[in-house]
Structures are given as structure tokens and as C-alpha cells.
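Shown below, as C-alpha cells, is a lone chain in the form predicted on its own; questions about how it binds or moves come after it.
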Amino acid sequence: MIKKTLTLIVAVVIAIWFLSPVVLIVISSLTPSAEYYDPSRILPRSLTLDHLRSLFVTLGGWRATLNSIQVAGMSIGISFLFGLPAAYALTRFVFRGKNSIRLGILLTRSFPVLIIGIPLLILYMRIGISDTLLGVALAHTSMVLPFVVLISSSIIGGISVEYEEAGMIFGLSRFASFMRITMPLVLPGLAASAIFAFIMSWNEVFVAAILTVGSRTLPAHILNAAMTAPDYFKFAAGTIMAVPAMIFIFFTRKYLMSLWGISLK
């Protein structure tokens, strides 16, 4: 009983620690401008949606949000299109240099985004995909793909190869055996890696700000439109950034927990 009580207290403290900034950001974004700068008040007497409406509607935040969703979706799709076969090959086959390839994939994340932004812009201008959502999605894919390969390979490695071999004994091809036997077993873990991919693409701002002018994603749009605005507009921008990601994680949280071996009732 004491152990359960202590566990509950620790869980509540951790939840408060992580949720307090989010709650304060949301409250600040809903505080009327006249009350926001009133030092005598900690909590507002009334709430308003004017700041969110101005940023989301008047300043074009809704379009930037749609751009971010499209970019994140394309990044996830392209990353899994190339990352899943690579992860399968690294897990199921033995070949020379496999560990070096794993290390090389990991080393791609050691280069700061700062040093690839300008070269990417020059390259995109030459091939005609500058200021496009596809260009931003490809740039985000280069950052997401290493994590997808490494996470997916560890997940596939946790599934015994004997299941696939049994399927091939009964006449299935290797591909069909993977799709019909292994894929349903690894799908929860792959959904968890998709969450990481979505969050990385959703929050990335530097490359998106360099590569786009008229087709900015939400973080790049906020960086351009809200950073010189009053503080309550900045908090409204933070709320707009946080809410879609929180909704996405809420609906996919059971898959994220399954990656850690936790079962949600």
C-alpha cells in the first residue's frame, strides 16, 4: 500500500512538472491583452480566443498548419518506404559491413542542420523544388529516416525469424510472409516510430524557414510572424504548435506504450 501511494505521488509530481508549462502557455494565450500586463492578477478573470483567431485566421496560421500536416505525412511515408526495407535487411540478412552501415546511418545525425540548410537551398533551386512542400518533406526525411531505420530494425529483430520461415514452408514468398505474419506483429512498434517521425517533422523550423517563403510550415510561419509580436501572441503561437501534436499523440499513445512493453487497458 505504501509503495503504491509513493508511486502515485511520484507520478502526480512528474505529471505536474511536465504539464504546468503547457497549462500556463494555454492560459496566457487565452488571456485578454488588458489583463495580461496587469501585475496584480495571476489568473485572468475572463478568457478570449482573439489572439488565437488573429494568429490562426488573420495571419494565415491555418494554411501553415495544413502545410505542416502535409509535410509531416510525406516525411513519414517516404521514411517508411525506404526505411522499412533497410531495417528488414539489417535485421534478417548477414552481409559484410552491416555494422558499419548501422554506424553510418547513426552518424548522419551528427551533422548540425545549420550546415545543410544553405546547400539544400542551392540544390533545390537548381532542380526546381525550392519553396515547395515536397522539398521540405525531403529535407525532413533526411533527418527522420535514420531513426526510422534504427527503431524499426530493433522492433523487427524482436520478432523471431521462425515465424517467417514457417510461412515460407507453407508456400508464402519472403515478402508475403513478412506482410502477412511479421507486419501485424511489428505494427504497434512502427506506429510508435511514426510518432517520433511526426514530432521531429512538426517541430523542425530552421530548414523549413530557409527552404520556403510562400509555403511555410507552421513553425517557420510562427518564427516569421509572431516573434516580433506581443507576448500573448507568442503564447498563442505556442498553443497552436502544441495542440495538434498532443492530439496526434493522444490517439496513438497505446502504440507508443507498446514499444516500451506497457499494456494500456
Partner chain sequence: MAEVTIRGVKKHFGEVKALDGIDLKIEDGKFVVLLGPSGCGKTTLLRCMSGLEKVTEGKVLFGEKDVTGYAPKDRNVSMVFQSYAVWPHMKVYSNIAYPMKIKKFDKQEIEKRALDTAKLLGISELLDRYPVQLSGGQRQRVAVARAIVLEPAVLMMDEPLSNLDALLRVLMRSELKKLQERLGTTTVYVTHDQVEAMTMGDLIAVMKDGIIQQYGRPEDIYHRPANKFIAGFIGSPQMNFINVEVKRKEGKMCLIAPGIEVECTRENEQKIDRGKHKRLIMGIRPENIHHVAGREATPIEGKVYFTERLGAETIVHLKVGDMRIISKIAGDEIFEEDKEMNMYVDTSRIRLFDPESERSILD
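Residue numbers count along the first chain shown, from 1. A quick note: this is a predicted structure, and the numbers were derived from the prediction, not measured.
Beyond what is shown, the protein has a form predicted together with its partner chain; the following relates to that form.
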item: Residue 132, heavy atom within 4.5 angstroms of its partner chain in the model of the complex; value: no
item: Contact test in the model of the complex: residue 189 vs its partner chain, heavy atoms, 4.5 Å; value: no
item: Partner contact for residue 173 in the model of the complex: its partner chain, 4.5 angstroms, heavy atom; value: yes
item: Contact of residue 102 with its partner chain in the model of the complex (heavy atom, 4.5 Å); value: no
item: All of 24, 42 and 46 with a heavy atom within 4.5 Å of its partner chain in the model of the complex; value: no
item: In the model of the complex, the residue from 166, 123, 106, 89 that sits within 4.5 Å of its partner chain by heavy atoms; value: 166
item: Residue among 181, 145, 138, 195 with a heavy atom within 4.5 Å of its partner chain in the model of the complex; value: 181
item: Stretch in contact, per heavy atom within 4.5 angstroms of its partner chain in the model of the complex, of 147 to 155, 124 to 132, 173 to 181, 71 to 79; value: 173 to 181
